[in-house]
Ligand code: 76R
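The chain below stands alone and is given in structure tokens; this is the form predicted on its own.
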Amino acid sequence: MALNPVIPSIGWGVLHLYYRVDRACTDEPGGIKRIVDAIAALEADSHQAITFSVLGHKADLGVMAVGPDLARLQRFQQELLDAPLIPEYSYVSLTEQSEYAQTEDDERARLRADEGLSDEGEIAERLAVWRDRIEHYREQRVHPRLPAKAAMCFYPMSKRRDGADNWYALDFDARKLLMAGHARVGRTYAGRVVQLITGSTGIDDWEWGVTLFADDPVALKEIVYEMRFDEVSARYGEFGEFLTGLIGNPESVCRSVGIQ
């Protein structure tokens, strides 16, 4: 019997699932069909999934699934076990808005200080454009559409709590100022990298999961490299393992890792 739906009050559930192929069973027919059918059924229930071949030997195949019902995501992970797959690693998180998100007052102050605007009519016009843009951004953070890119990487991270480098000993305004600078670096990669930051405090081992998507793998390398020089990362960031994959349709990905 299936579990009753479990719907978060804010955001969607996110599963990162990593598998090794059961080589003893790869000659058995039907493995691809089981995976393809599980993904199709999940998507028919208004959830999303992408599949990818994992580079390196941390895993063979990965699946990222996103959607509103945690019970449906749990059923999906069980359905994948009918295929010749051995679970290797998983991560659970929820989509969320950043507590440090820019407010309209922040943007008004920026227009005055950084761009020297004083005309209230011009400021109002600029704020109207800003509201449209920020509304789209916030919706994408909480209810994302997984992008059609060629490559992705995932890593978990937390903020450091070490002596003078204790993120949580800073007051909110100081943390928000640091995060604003961090975000400015990320925005320089708009169009090259799609970033999805999801929250996992209290539900998995780290505090956030970061998933980066790009057509050019060099962009994945460059954004992480550049951001590590920012104080938020250099002084306060702790990072888990990185897992990188090549995204494709489920059938192609399965064949690339030897599933029939």
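Source: prediction; values computed, not measured. Numbers follow the displayed sequence, beginning with 1.
One more form of this protein, predicted in complex with this ligand, exists but is not displayed; see below.
- Of the stretches 116-124, 76-84, 175-183, 144-152, only 175-183 has residues with a heavy atom within 4.5 Å of this ligand in the predicted bound form.
- Here the marked residues 36, 49 and 89 all miss this ligand in the predicted bound form; none has a heavy atom within 4.5 angstroms.
- This chain is displayed alone, yet in the predicted bound form one of 227, 41, 55, 32 has a heavy atom within 4.5 Å of this ligand; that residue is 227.
- Note on the partner interface in the predicted bound form: the residue among 65, 70, 59, 212 having a heavy atom within 4.5 angstroms of this ligand is 212.
- At a distance threshold of 4.5 angstroms between non-hydrogen atoms, residue 130 is out of contact with this ligand in the predicted bound form.
- Taking the partner from the other structure, this ligand in the predicted bound form has no heavy atom within 4.5 Å of any heavy atom of residue 140.
- With a 4.5 Å cutoff on heavy atoms, residue 208 counts as touching this ligand in the predicted bound form.
- The closest non-hydrogen atom of residue 101 lies within 4.5 Å of this ligand in the predicted bound form.
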